[in-house]
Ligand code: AHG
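Before any questions on how it binds or moves, here is one chain, the form predicted on its own, in structure tokens.
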């Protein structure tokens, strides 16, 4: 029997793809004046994502399903995985020297960097586990994050560092824990998706330069709230259901109930997602800083539109840490039609 040894590098088809770390570092080298702080912060966020993913995958076996018995600042029941993910995000990023402050959907006040750690020039805002009400039934959930450059001086950041318009975000992203685990992010000049390979413990580039289609074929909205909607909202959804081949109607209804999952599908497939204001929640339901603003930043970077019904989401000046907002986002043509109905032009 003859044994043939193959020396040298493997063929290109067997080479691994671009890792998230390499992708960030290559972009850092192309940015004049880059210090590496942003790259370091992203490495810590990706570590947090891996830790959360591991616990999500074994939640039922690790006793992590169910409620803690507490409620958060939003008045919502806290899931065990909510608490775990929140702690992981904080512990993974607080010691790196890249942040001056953090804020989480799960915490009443801003999260200060402990005195024993150095501080940096960035602010991190995050929803540690979006869609947590779906944890116990195995539906896709995720982590949403936003990075701002601090605007105050001194060692520690202040509330003013958190209350910035979405248009000045340095970066935004989300991690999807579903049939596969994906990290999607943007720094404003493109949207890139990375799929996690658990066999090697790395995120690999799988979706480069994502662009949302200009028109989709589905809408995503909780129609259980129909009785509370404005007339314009009702007329728009009725219009989507009408038969008209010239305008590619009716649209298909697709609603998961996890914002990050509905957003991911809209980003890849097009269409429109809406969580409007209604008579029960006149200021909207979704959080501006932790959900609407980072997802709007990503979507606009991919060519879509995000609005509260009257204003561009990224132009809204936050006044409170846990401010809520209506949200309508998706394909450019589809969102413009929705806004026509909501603003009385149709």
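In this text the structure is predicted, and so the values were computed from the model without any measurement. Residue numbers count along the first chain shown, from 1.
Unshown form predicted together with this ligand; subsequent notes refer to it.
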Among 120, 270, 131, 178, which has any heavy atom within 4.5 Å of this ligand in the model of the complex? 131
Note which of 89, 191, 103, 259 lies within 4.5 Å of this ligand in the model of the complex, where distance is taken over heavy atoms; exactly one does. 259
Contact label in the model of the complex: residue 286 to this ligand, heavy atom within 4.5 Å: yes
Can you work out whether residue 300 and this ligand are in contact in the model of the complex, taking contact to mean some heavy atom pair no more than 4.5 Å apart? no
Even though the partner isn't displayed, in the model of the complex is residue 291 close enough to this ligand, meaning a heavy atom within 4.5 Å? yes
If you check in the model of the complex, is residue 222 within 4.5 Å of this ligand, heavy atoms only? yes
Counting any heavy atom within 4.5 Å as contact, can you tell me which stretch out of 179 to 187, 249 to 257, 112 to 120, 230 to 238 lines this ligand in the model of the complex? 249 to 257
